[in-house]
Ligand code: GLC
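Coming up is one lone chain in structure tokens, specifically the form predicted alone.
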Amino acid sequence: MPTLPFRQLPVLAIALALGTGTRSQTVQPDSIASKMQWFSDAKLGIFIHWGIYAVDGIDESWSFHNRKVSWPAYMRQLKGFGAERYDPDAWADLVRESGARYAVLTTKHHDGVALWDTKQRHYDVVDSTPARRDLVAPFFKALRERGIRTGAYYSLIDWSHPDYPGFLKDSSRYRIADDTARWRRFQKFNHAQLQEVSERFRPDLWWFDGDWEHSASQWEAPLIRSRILASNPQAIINGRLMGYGDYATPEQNFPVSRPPERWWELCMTTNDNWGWQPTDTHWKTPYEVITIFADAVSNGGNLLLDIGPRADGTIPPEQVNLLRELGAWNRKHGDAVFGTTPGLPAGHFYGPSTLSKDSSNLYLFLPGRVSGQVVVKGLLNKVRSIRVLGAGDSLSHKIVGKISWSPVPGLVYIDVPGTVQDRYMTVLRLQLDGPLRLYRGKGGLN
């Protein structure tokens, strides 16, 4: 049965395949579990913020919205965006080298400048900049040739569109209640651009942003979701569609406790800004990124790590190095990362951990250099072997405090010599005698 075109799908049965829940996840988890499996296994994605804001190296969209620069001054960057050295194959190679399983490109930020040839008589890099070409299609093609999933960042906000209400932080063009016809014109435009992205690029993942300015009904969020899924039923939608997404997206700061959603993704910059800014040299180190990544995976989440290319399409060397170092670590320790499940509950081990899907292999992540021993508490299983990932060394262990008459297991102490440790984060694989079994009692005879 052919699906209806994006623009023709009627507003009917909006709640089909939708459940109830929080802003970040409204579909019932069991109904989308199969399509979410690749995302759950992927663990790592690369976020790419690229747009005209890289010409002057200023805040993407927010710089004019917050009155750091005027809107005309911001839009003059259109004349300097040439993408002269843009090499989508090199970008895709770098994504693959990092170990990432998906990449998300900003097809349109809040400034309204599309990175593809939109037919909606609005700003785009083909008609409005010296780049003069679609920048999305070749990158998606290069990713797919390498077996990497594609993600499209799309801003629901369009502060440059004359029919969009919002503009500057302290002023708006109009109130929707006062001019519903004008708002309908913007909705028609917005749906048309969404249709273009959906039909031309068929992203595996939609990364919406900007939903906070209006309600789900004003955005027509249920209709947006149903149209996307009518075109591509396997598409995944992030949690920034006012309650009609599939997974949560905490930003920048790692959650102190695991988010309640079944699927989640931490999006984080490699310095302090999303797009390229020459004055921002506050780069995260490979150690910092790797330890944050391990923490996310240990808690059942993904990391979406951002880079910001220059206006000519080149990627800053600091970001290239960071992705390569992350990739080298992933190649060495990938068994403990990709396709795993969350590790031990708090209190059993002081550090991140993961499990193989059958839970018969327990992976312990040791940040920095460990001196002496590490300990695992409450492990009812027998440990068949302990090996250092990427090195192959076998390690010894001993059980401390096991009393014959008590069901309480002893403490597993593991000797970790400095000679086998990774310079960023060592990972140990504990092969157990079967699926993980943990003691959760209070001690003694309990």
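Each residue number is its position in the shown sequence, starting from 1. Please read these numbers as outputs of a predicted model, since none were measured by experiment.
One more form of this protein, predicted together with this ligand, exists but is not displayed; see below.
Novice: If we take heavy atoms and a 4.5 Å cut-off, which stretch out of 41-49, 385-393, 64-72, 416-424 is in contact with this ligand in the predicted complex?
Specialist: So the stretch in question is 41-49.
Novice: Whether Tyr102, Glu325 and Phe338 jointly form a contact site for this ligand in the predicted complex is the question; each needs a heavy atom within 4.5 Å.
Specialist: So, no: the whole triplet misses this ligand.
Novice: Contact between Cys267 and this ligand in the predicted complex at 4.5 Å, heavy atoms?
Specialist: Cys267: yes, in contact with this ligand in the predicted complex.
Novice: According to a 4.5 angstroms non-hydrogen atom cut-off, is His109 in contact with this ligand in the predicted complex?
Specialist: Heavy-atom contact with this ligand at 4.5 Å: present for His109.
Novice: Quick check on His333: any heavy atom within 4.5 Å of this ligand in the predicted complex?
Specialist: So His333 does not count as contacting this ligand.
Novice: I'd like to know if Asp209 sits close to this ligand in the predicted complex, meaning any non-hydrogen atom pair within 4.5 angstroms.
Specialist: It does: once this ligand is placed as it appears in the predicted complex, Asp209 has a heavy atom within 4.5 Å of it.
Novice: Which pick from Tyr153, Phe365, Tyr247, Phe81 sits with a heavy atom within 4.5 Å of this ligand in the predicted complex?
Specialist: Exactly one residue meets the criterion: Tyr153.
Novice: Which listed residue (Phe139, Phe293, Trp274, Trp329) meets the criterion of a heavy atom within 4.5 Å of this ligand in the predicted complex?
Specialist: The residue in contact is Trp274.
Novice: Out of 237-267, which residues reach within 4.5 Å of this ligand in the predicted complex, heavy atoms considered?
Specialist: Heavy-atom contacts within 4.5 Å come from Arg240, Glu251, Cys267.
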